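Read the single chain below, which is given as structure tokens and is the form predicted on its own.
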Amino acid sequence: MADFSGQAGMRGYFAPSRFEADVYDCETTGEIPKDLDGAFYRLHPDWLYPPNPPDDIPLASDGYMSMFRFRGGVVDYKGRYVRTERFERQMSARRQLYGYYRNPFTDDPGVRDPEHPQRRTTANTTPVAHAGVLYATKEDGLPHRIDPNTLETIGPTDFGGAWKSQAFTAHPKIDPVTGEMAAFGYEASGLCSKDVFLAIFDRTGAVTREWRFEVPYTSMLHDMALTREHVIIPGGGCVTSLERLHEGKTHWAWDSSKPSYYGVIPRDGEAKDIRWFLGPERAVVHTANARTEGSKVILEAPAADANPWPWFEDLAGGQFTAPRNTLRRITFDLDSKDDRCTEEVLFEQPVTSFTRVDDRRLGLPYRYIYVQYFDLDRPSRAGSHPQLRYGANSFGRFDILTGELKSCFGGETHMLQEPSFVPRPGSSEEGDGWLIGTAHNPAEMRAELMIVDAPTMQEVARVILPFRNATQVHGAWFGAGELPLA
């Protein structure tokens, strides 16, 4: 039985939604740009059944994909659960069968399978499209193919046996010049293993290059960055072990004594050519962009100096205090014999760890980084909604050349989520287009989708849903030419 009454933090606006929906010709404010032709997909964690143990973390929630289909100034909405093996088994049992986040030893005996942890994935993190195929991804399992029009789950894929890892990153990167996709899986051969599998897919979706290597120590490798010549994979801080899992704990803990590390992999090299650079205690959860300039590889990303995860225990026993994320430039000198990276802060303004760029500039010289952040100078009534205190009320466009910040305020009681950049049809100029991102409105118990003119950072329209929509992990826009949209 689905009884959420005793679950902390699962009441009111932020309670699990637990329904699938279609909304045709959505209510809007302002004017939807008529040349927007494509779909904005969101992946959100949404518990089908209450977690067991009750203190399991949101990252373990079932995956739910929603779609806002834009065409001719009209927007239709669709929302469906990702029908993973885990989801289907719970539906059959009519109860929660899975234990702590990424710990199969805590699962119900009928589904417990530590040798194949990828089978318990919820596919709840990032919508990804490549070679005309839409995927729901999460870094603890294989990607699930999704019908881009109906959101029907087609099923998990190992790309015809070419993918040689139990897991697949939630953040593959696509080279805008070649159309190639770089992706990796960590803990590739099993729980707590140090090995990583990295592969390059060509524009048709076929694997053309692959690497297998070990990291300095097993850690969360959530995101990556791509340049024309290199792949960069950041890690550090989070630790795990089989002993920890056998003790019945969540997968990760934070060890402040561990250095951060960055693997810099030449795209035309071999595993032996990888350089490992070390840094101080850092959390680089997401990246913005990167480029190679001569012998230097330059990464820009939001970074924090301590544990950013309120759900992961500090092995030193410290109480969680949310650290400041600031945008930083991290440089790796390939000519240096010193394996320490250098770091500089680009902006003192604290931001969330969610950053986006104009993907047509991925791996190339670029100018703008888009984030969401909390503007303290704006009026806010977030105190009446405790969950909003850790959210954001504004979208920001940071200019890394001039240091200028332009922002768009979402509302006094609204919580904004990661914006996605949408290019203006017919324009190749960086940043010419729109930002699209969710604005949660607990005051009116509904979700709204903001459309912002990216050059001016002025709001032009909103899509209004007649209900609250679960908070997302990530969202992504794909144009009608990228997916076979009806």
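Small disclaimer: the values here were computed from a predicted structure and weren't measured. Each residue number is its position in the shown sequence, starting from 1.
Below: the form predicted in complex with another copy of the chain, not depicted.
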Another copy of the chain contact in the model of the complex: R468, any heavy atom under 4.5 Å: yes
query: in the model of the complex, does A480 have a heavy atom within 4.5 Å of another copy of the chain?
result: no
- prompt: Does A476 make contact with another copy of the chain in the model of the complex, using a 4.5 Å heavy atom cut-off?
  reply: no
message: Given that another copy of the chain is not shown alongside this chain, does G179 nevertheless sit within 4.5 Å of it in the model of the complex, heavy atom to heavy atom?
response: no
- request: Work out which of the listed stretches, 91 to 99, 243 to 251, 150 to 158, 307 to 315, brings a heavy atom within 4.5 angstroms of another copy of the chain in the model of the complex.
  value: 91 to 99
- request: With another copy of the chain left out of view, choose which of D35, D55, D432, E444 has a non-hydrogen atom within 4.5 angstroms of it in the model of the complex.
  value: E444
Residues of stretch 66 to 94 in contact with another copy of the chain in the model of the complex (4.5 Å, non-hydrogen atom): G73, V74, D76, R83, M91, R94
